[in-house]
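Coming up is one lone chain in structure tokens, specifically the form predicted on its own.
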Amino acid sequence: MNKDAIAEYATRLGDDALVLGHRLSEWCSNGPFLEEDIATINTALDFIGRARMFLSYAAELEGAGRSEDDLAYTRDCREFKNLLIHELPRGDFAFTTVRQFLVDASNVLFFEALCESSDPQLAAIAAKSVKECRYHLRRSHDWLLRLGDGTEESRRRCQDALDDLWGYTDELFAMDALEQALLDAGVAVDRVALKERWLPLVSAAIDEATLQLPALPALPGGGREGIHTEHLGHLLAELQFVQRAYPGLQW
């Protein structure tokens, strides 16, 4: 299979993890209580670690002398290929919880499938990642129930977050020509098929949390084509500041 196509695929997955990991890191010292503050940051570190593996592999396949740091810190906004749901501002704790649950449920199914990739490096990264994803899902599921079936205020905030996020979830299961070609070659995951398993899982948890499944249309995507919300540029300005200010800086 074309190395460039696999490099692009790995970059996409690395961008997803990097951007959401940065959003989670914004909870450092801002969590609702100390234990949860630490737990959220540990989750962020899992995502950053996953980003490093994917971006390192992408840089290796690219063969242009770039490193994972170059891909993370020197690309412009339009060069990032993460899905839009990952770049939305962190919001309140309910928003972060609901987003994590929706994404975690998708990630467990995705990385279980990617373990069967014909590309040995992608399969190895998936095998490590899926263990973390299962823990992340247990945690976000538990918090969804606690907040959704908690006080009137916590339930309202969860429902508002679910309504705001639901339109972005269709992009989690979209396939373009590159991913379809990689799927045909046994490299990529069939995202369309995952939705058939994801929706019942998510629906059951939403019902258990006494929340309502939104009946809202899908929002326009574009993340895989480098078309983003205004929020990604602000995120990258913070994420990339040191390397932009001091090009080539090494610790």
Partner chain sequence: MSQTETEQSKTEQSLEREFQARVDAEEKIEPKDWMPEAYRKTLIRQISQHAHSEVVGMQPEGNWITRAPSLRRKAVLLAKVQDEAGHGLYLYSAAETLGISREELLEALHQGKAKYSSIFNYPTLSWADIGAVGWLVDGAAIVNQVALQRTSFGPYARAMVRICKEESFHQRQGYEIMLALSRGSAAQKAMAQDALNRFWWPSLMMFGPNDDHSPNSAQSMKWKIKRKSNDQLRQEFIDQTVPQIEVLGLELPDPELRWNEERGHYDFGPIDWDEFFQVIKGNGPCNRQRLQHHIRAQREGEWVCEAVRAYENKKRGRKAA
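From a predicted model like this one, the values you see are computed outputs, not experimental measurements. Numbering follows the first chain given and starts at 1.
Keep in mind that the form predicted together with the partner chain is missing from the display, and what follows is about it.
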item: Heavy atom of residue 238 within 4.5 Å of the partner chain in the model of the complex; value: yes
item: Interface membership of residue 143, the partner chain in the model of the complex, 4.5 Å heavy atom rule; value: yes
item: Residue 34: touches the partner chain in the model of the complex, heavy atom cutoff 4.5 angstroms; value: yes
item: 4.5 angstroms heavy atom contact with the partner chain in the model of the complex for residue 45; value: yes
item: The partner chain in the model of the complex: contacting segment from 175-183, 109-117, 69-77, 128-136, heavy atom within 4.5 Å; value: 69-77
item: Contact residue in the model of the complex, chosen from 41, 59, 205, 194 - any heavy atom within 4.5 Å of the partner chain; value: 41
item: Residues of 83-108 having any heavy atom within 4.5 Å of the partner chain in the model of the complex, listed in sequence order; value: 92, 93, 94
